[in-house]
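So this first bit is one chain, no partners, the form predicted alone, shown in structure tokens.
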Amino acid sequence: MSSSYVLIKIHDSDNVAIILNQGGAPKGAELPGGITLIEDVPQGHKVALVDIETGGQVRRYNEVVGYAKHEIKQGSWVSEKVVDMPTPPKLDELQLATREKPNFEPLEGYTFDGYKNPDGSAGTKNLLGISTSVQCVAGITDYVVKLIKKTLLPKYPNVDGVVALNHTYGCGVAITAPAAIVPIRTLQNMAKNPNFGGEIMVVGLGCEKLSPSRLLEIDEEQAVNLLPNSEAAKTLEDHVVSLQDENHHGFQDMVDHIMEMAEAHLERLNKRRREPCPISELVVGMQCGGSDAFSGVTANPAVGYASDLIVRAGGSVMFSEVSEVRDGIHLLTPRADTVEVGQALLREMQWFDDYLSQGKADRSANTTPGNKKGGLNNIVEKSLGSITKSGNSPIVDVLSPGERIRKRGLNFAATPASDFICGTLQFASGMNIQVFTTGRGTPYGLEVAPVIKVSTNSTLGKRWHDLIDMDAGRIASKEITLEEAGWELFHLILDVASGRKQVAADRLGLHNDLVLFNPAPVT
């Protein structure tokens, strides 16, 4: 007699499997393989397939995800309470660039309809971005953005929107500290994102440490000693509004100046039209948040399959979240395109180890109550599911936080795992569309780039039917194969990038703030 309960076992060597059934399975349930549950097990949580001795390995993904604190009987719930976490891989013992490169055939004949830029890049949106040099001006920029949307945007129908790039940096910070380069280059590179069409506009205060000229990458000394008719002076005049300018006599003068400058940018942006662009100008950011035990079974592998398709078509993919890669780094360094790329991966892992250590924390601080409720015992198990978003392509480059993408193909963009910080840093690195997988559910979205949300399980996909763009839980229920899901996501990415389909977050107007990563001191 077949069991009505379904177990998902990832690898033959695994000694645990997760429960697929909605609501889980009760004590006494008969599972496939003649296993009888000896306690209730929630959906997505692990069941011991065999007896595991004290100190014995708990294996999932053909990797050790924990050690038994005491004997675990077959049919037991293998929760976080009965498992000790393994130590992370030692960085000085890892193989670099040793894997034979997969023989992927180029994928030809695919394009997307984007907005071409003078520098050769292409946007998936046509936005006016108003950058800021300091938090002090955020109230003004928020006010002006509302005014622009109400009074100016209707005159420029080809512009998708206007976004204020507000942040909490710019003053009261150790601007010369070595780590200050992270927030500074992030702000510089966000303004260069293809979705802004090269129309850089900055609102500053006038007395801040982070000068608008630095955001425009004009030499500080040169900016102080500008000749009136120099190219640098013209750039500042056309792109920067300083609220403390002596010509501003009150609030309305400031607003009028910003509105006048914004309209000049909007006129140029309005001339842009979607046109066929090569996939080489698509930069797809892959991220996960609110992960569960299904993440590494359904959505993330489907994302990985789609990642390989994007790379084969000549495009670029970036995966991130250092603390969710650290425990799977031994599976990634062999995939480095060169030894130098492998060393760069190690560099970013070590930097983040040191960063956490300085804060008297470690990678175990990553996992959330929601992750654990969704069946992930620890960061090791979470990492092994997370890295499947990277597919099987060689890793061609490693970006430090906030650096711009340099090479087409699969990139590792080093970021913290915070959804908002990761999204911001990926955007600064050049991401023009993002795929975000979730098992617990989140309304996360970005105004600056489309975010395709993929559910890891159909329970969430059905319950959040108007918030989720694709349900990868159908892989677990065998409604579609992993390959079919990967192709479906690939086509969805192209449709969204082309403006043919709108993601749920954009349709509902659900957009999170951009959040800088500032590892440097605040004074």
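Start at 1 with the first residue shown and count on from there. These numbers come from a predicted model, not from an experiment.
There is another form of the same protein, the form predicted together with a further copy of the same chain; it is not shown, and what comes next is about it.
task: Determine which one of 134-142, 191-199, 295-303, 70-78 lies within 4.5 Å of a further copy of the same chain in the model of the complex, judging by heavy atom distances; exactly one does.
output: Every other range fails; the passing one is 134-142.
message: in the model of the complex, does residue 368 come within 4.5 Å of a further copy of the same chain, counting heavy atoms only?
response: Yes - in the model of the complex, heavy atoms of residue 368 and a further copy of the same chain come within 4.5 Å of each other.
- prompt: Wondering, does residue 249 line up within 4.5 Å of a further copy of the same chain in the model of the complex on heavy atoms?
  reply: Residue 249 belongs to the contact set for a further copy of the same chain.
field: Touches a further copy of the same chain in the model of the complex: residue 501 (any heavy atom, 4.5 Å)
entry: Contact check for residue 501: no, nothing within 4.5 Å of a further copy of the same chain in the model of the complex.
message: How about residue 420 - does it come within 4.5 Å of a further copy of the same chain in the model of the complex, if we only consider non-hydrogen atoms?
response: Although a further copy of the same chain is absent here, residue 420 would touch it in the model of the complex, with heavy atoms inside 4.5 Å.
- prompt: Of the residues 244, 400, 350, 270, which one places a heavy atom within 4.5 Å of a further copy of the same chain in the model of the complex?
  reply: It is 244.
message: Looking at 278, 102, 443, 89 here, can you tell me which has any non-hydrogen atom within 4.5 angstroms of a further copy of the same chain in the model of the complex?
response: When a further copy of the same chain is considered in the model of the complex, the option within 4.5 Å is 443.
message: Where, within 149-182, is there a heavy atom within 4.5 Å of a further copy of the same chain in the model of the complex? Residue list please.
response: If the 4.5 Å heavy-atom criterion is applied to a further copy of the same chain in the model of the complex, 149-182 yields 168, 171, 172, 173, 174, 177, 178.
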